[in-house]
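Next up: a single chain in structure tokens, the form predicted alone.
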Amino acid sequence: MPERVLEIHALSPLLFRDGRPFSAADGSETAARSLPLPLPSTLAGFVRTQIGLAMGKGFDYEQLQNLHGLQVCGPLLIRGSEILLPAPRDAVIYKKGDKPKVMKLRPFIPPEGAGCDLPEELQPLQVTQDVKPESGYNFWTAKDMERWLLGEDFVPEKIPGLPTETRVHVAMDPQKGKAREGQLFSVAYRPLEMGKSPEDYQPASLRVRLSLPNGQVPVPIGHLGGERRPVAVEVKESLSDSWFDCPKSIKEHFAGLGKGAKVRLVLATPALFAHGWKPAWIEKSGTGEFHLPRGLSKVKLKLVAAAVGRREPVSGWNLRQNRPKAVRWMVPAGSVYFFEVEDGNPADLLESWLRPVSDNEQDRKDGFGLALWGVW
């Protein structure tokens, strides 16, 4: 099946709820918050629904199984026509005087007599400046990410991400036509747009990559996220111009690497691993097992260090069983893993460039754990 890129445009501010309880019950939150971006499974479910509607075969068990098997890679945030990626967690932006600086967090061996309690002889990351991190550098352009993965020194563009639009509501008593006492609540939406003024306004969108069955074009209008907010779906004509394919500079750099090379994995979307923060496939890398993520069965890797953010929950509603899904914990996007290549050709790792590397196959089909590769 040929791969295509879908671009999703919001027709109104969107709501991507986090996992906090939200109801009028005592002890519950009265503010609904929105995630910075929808979860990969949210986008995958939306895209499969649009394709299923276009196929017109209904949603019986067999059809659901077929749609569930579609691999959807994403989402990527788009500003205008420019791809943005979550900031890597091995970069600390700080100010020296009035100028922003970047501190690279890199593994190091503590001096003799010193140590740490990290598991499995992992090395700590060295903090070279005692500074306060600057906020607002939440997303990087694809060009900045390419330079970072190659180990260059530069200051990235400051991109906070999508703004928040908070609306305050009150519950109405339909009998009295008046507001119900004490039932004031707020909802934070995410408009797909950027810029602080009309002069620097830029539209934003979301992109996913997938193989469309039989070239089927999805239904162009649908509903995404909380409150079934309307969105439009556009099929991009060009695949290479619409996606962040592995840059030539990174391919050339990896082509010159060999055994003992130091490589980095940066997550472009949240990932789900069997061992919590740690991918289970590390122990099986380079063994030739066919069920591993792309390229990882050919290259033996040793984990040296990691820059992993605080775990994030993922849950939802199971429509088939009509009950909530069990909560699982994700490794957040932007997390970084430092490896040494023990065997194999490091260039084979690029087979999983912007492909999912979560441990479970269905999680990979849902787009959890898109990988970017670099050196350190």
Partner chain sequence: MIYLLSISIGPVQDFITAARRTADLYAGSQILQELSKVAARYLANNSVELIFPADKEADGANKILAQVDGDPKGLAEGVKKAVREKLHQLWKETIDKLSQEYRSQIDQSRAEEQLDHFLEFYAAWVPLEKESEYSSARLAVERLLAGRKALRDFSPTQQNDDGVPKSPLDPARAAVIDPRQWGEASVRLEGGGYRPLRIKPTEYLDAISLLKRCYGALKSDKVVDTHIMARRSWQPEAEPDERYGKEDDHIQEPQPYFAILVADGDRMGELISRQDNREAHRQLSKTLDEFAQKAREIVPKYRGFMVYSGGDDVLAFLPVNRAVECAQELSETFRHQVKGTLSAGIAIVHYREPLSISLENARNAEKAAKNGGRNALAVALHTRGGTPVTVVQRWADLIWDELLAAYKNHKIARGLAHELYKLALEWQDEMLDEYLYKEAQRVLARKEARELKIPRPVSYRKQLLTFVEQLIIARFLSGIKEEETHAGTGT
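Residue numbers count along the first chain shown, from 1. Whichever C-alpha set is largest while still superposing within 1.5 Å between the two forms counts as the rigid core. Computed from a predicted model, the values in this text were never measured in an experiment.
Omitted here: the form predicted together with the partner chain. The next part is about that form.
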| property | result |
| --- | --- |
| In the predicted bound form, Gly115 touching the partner chain (heavy atom, 4.5 Å) | yes |
| Interface membership of Pro247, the partner chain in the predicted bound form, 4.5 Å heavy atom rule | no |
| Touches the partner chain in the predicted bound form: Val308 (any heavy atom, 4.5 Å) | yes |
| Interface membership of Leu122, the partner chain in the predicted bound form, 4.5 Å heavy atom rule | yes |
| Contact assignment for the partner chain in the predicted bound form, among Ala274, Ala255, Val170, Ile221, heavy atom within 4.5 Å | Ala274 |
| Position in contact with the partner chain when the complex is considered in the predicted bound form, options Thr128, Ser238, Thr287, Asn214, heavy atoms within 4.5 Å | Thr128 |
| Residue stretch of 346-354, 326-334, 54-62, 39-47 approaching the partner chain in the predicted bound form, non-hydrogen atom distance within 4.5 Å | 326-334 |
| Heavy atom distance at most 4.5 Å to the partner chain in the predicted bound form, all of Asn66, Glu146 and Phe154 | no |
| Displaced residue check between this form and the one not shown: Gln65, CA, 2 Å or over, core reference | no |
